[in-house]
Each structure stands twice: as structure tokens, then as C-alpha cells.
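This document opens with one chain alone, in C-alpha cells, the form predicted alone.
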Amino acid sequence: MLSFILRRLAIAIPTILLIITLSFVLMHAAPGGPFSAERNLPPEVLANIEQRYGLDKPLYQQIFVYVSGIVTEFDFGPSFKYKNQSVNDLIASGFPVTLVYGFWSFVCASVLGISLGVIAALKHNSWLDYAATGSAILGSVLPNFVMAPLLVLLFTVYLNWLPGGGWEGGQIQFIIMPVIALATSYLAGITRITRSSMLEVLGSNFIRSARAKGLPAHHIILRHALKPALLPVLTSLGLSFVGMITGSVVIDQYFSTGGIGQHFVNAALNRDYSVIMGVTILVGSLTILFNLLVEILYAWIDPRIRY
């Protein structure tokens, strides 16, 4: 198992470097720049600003300096638009917010999605099957940019139960609606994958053999069927977890949570190179990390995979 993990880590390092290089090149290839939108900016002033931030150097030197700062000091550089703030400061202020509501969204989506998928598979073609899949489909046809304003309209405007926005240190009343809006976006996919995988496993020969031996139904489901059925579900959960904890622009916009998603959109609109790179590296690194964890879980569930 250790050699399996080391091989995956050896692949992850050049992958992150490739992400940084491609993102840097594509970002600078687009026309304009972080200071080109300023009106009546004299060429001398623009040249001094670009020299101040190192934008006057050749692209390969900029990439080398940027990667060196990350490796040696874990420094993503200063923000070009937020004065007296670095990218590390913006990530440190926004990422914990998205981590909180993203984590609880993942817990709700995975627990409900797997439970509904298992129930739908066990009660195949019954009213429970139709109810479980129907509720999951309802969540998919109401994405978060539709669900968020509906939740505000219902729980804030009409019922006056929950605040319509803000964060206030992550108090429970400010988390409920962002979690519901974000979790429902992923619930349908998890339910469908779990249902189809569980149906396939329940029709396998070893399940029929376990039933022929007279094993209890709960023992067959929990000990024999559920574990192999979760293999394809883990792939979906790994990518979903990264998507939830790295923030949602819609959630940050509608609920004013101050998460990292809003910083990323503002950086893209303002051509704030350093913030774009910092968030891109964060998302890419987390994606690689959780893909590694999923592969380790694969190898733990099915030892044949590690070979």
C-alpha cells in the first residue's frame, strides 16, 4: 500500500506544476491586463506599476519566480486589486467559510444520496423507488441558482425563520440555507449512481450464494453488497467534495457568505492574476489530493486495484 501511495504522490507533483504553467500561460495570453482597464493611465506610470509587480519580465521568468515563492515561502503573491492584501490573506479569509458550509453540504448530500439510492435499489420498481428517484430528480431540476432565491423567498421573506444572508462567524442559522442550496445540486447524481451500482451488485452471483446460505438480509446488504457498490460512488463523492469545499459563486452571491467563490469571480473580472492563480492552484491541489484518497479507498475496498 505504501508504494501505491508513493507512486500516486510522484505523479501529483508534476501534475500541479503543469497546472501552474498552463494556467499562467493561458492567463497572460488573454488580451489586456490587471492595470489596462485604468483610464488615462500614462505609459510611464503603467511601466512603473508593471515593474513593481514583475510583469515586465519574460513569461518564463515570471513563472519561475512565482513557483519559487510558493515552494520556498508558500507565498502566492500580492493581490493586484485589493490594496494591502495578499492572496494568502484572501484565501485565509474566504476558504474557511466555504469549507464549513461545503463540508456540511457534502455530509448531507452523501448521506441522503447513498441512503436514497440503497432504498431505491432494494425496493426496485416500488413506490419507494419512484419516490426516492423522484426526489433526487427534483433536486437536479432545481439547481443552486434557482434553489437559493427560492429558499430566501420562503424562509426569510414569507416565514421569517432564517436570515437571508451574512455569515456572523458561521452561526447555525446562517449555514442552513447555503447547505440546502448546495447539497441539492449534488444529491441527484449521488442517488442515481448508488441506485444503479447497488442494483448491479444485488444481481451478482455471490449475492445469490449468500441468500442461498440463509444469511440475514441486513447482513447481506451491509457486509456483502454495500461495500462493492460504493466503488463507483466514491469517484463521484471525491469530485463533489472538492466542488463543495472550494465554494460556489451562486451561494456566495445570494447569501453574502464572503466565501472564496466570490473572490475568484471578482479576480477573473478584474484580471487579478495572482488571485486567479492562487484559487486555481488551491482547487487543483485539492482535486489531486482527494482523487488520491479515493484511489486509496479503492485499494482498501478491492485489493486487486493496487496491483
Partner chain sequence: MLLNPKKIQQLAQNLASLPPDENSSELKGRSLWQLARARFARNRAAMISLIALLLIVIFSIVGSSLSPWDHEQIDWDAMADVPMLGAPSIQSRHYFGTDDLGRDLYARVIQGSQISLMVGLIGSLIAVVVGTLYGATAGYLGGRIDALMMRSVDILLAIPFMFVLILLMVMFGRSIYMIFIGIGLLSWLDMSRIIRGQTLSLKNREFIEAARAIGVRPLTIITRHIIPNVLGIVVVYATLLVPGMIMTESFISFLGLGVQEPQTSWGALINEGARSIQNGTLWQLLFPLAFFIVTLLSFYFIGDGLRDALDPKDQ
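Residue numbers count along the first chain shown, from 1. Just so we're on the same page, rigid core means the largest C-alpha set that superposes within 1.5 Å between forms. Note that this is a predicted model, so its numbers are computed, not measured.
Although it is not shown, the form predicted in complex with its partner chain is what the next lines describe.
Chemist: May I ask you to check whether S126 falls inside a 4.5 Å heavy atom distance of its partner chain in the predicted complex?
Modeler: Outside the cut-off, so no.
Chemist: Is P31 a contact residue for its partner chain in the predicted complex, using a 4.5 Å heavy atom cut-off?
Modeler: So P31 counts as contacting its partner chain.
Chemist: Taking its partner chain as it sits in the predicted complex, is S236 in contact with it (heavy atom to heavy atom, 4.5 Å or less)?
Modeler: Answer yes; at least one heavy atom of S236 falls within 4.5 Å of its partner chain in the predicted complex.
Chemist: Might G203 be said to contact its partner chain in the predicted complex, defining contact as any heavy atom within 4.5 Å?
Modeler: Flag for G203 set to yes.
Chemist: Of I176, I220, L150, L122, which one comes within 4.5 Å of its partner chain in the predicted complex, counting heavy atoms only?
Modeler: Filtering the options by heavy-atom distance leaves L150.
Chemist: Residues S3, L159 and F241 are flagged as a possible site; in the predicted complex, is every one of them within 4.5 Å of its partner chain by some non-hydrogen atom?
Modeler: Per the other structure, none of S3, L159 and F241 touch its partner chain.
Chemist: Is any part of 177-199 within 4.5 angstroms of its partner chain in the predicted complex by a non-hydrogen atom, and which residues would that be?
Modeler: Residues within 4.5 Å: A188, G189, R192, I193, R195, S196, L199.
Chemist: Tell me whether S256 is among the residues that move between the shown form and the other one (Cα shift of 2 angstroms or more, core superposed).
Modeler: No, its C-alpha moves less than 2 Å.
Chemist: Using the core for the fit, does the CA position of L59 change by 2 Å or more between the shown form and the other one?
Modeler: No, the C-alpha position differs by under 2 Å between the shown form and the other one.
Chemist: Superposing on the rigid core, I want to see if L239 changes position between the shown form and the other one - specifically a Cα shift of 2 Å or more.
Modeler: Where the cores coincide, L239 shows only a C-alpha shift between the shown form and the other one that is less than 2 Å.
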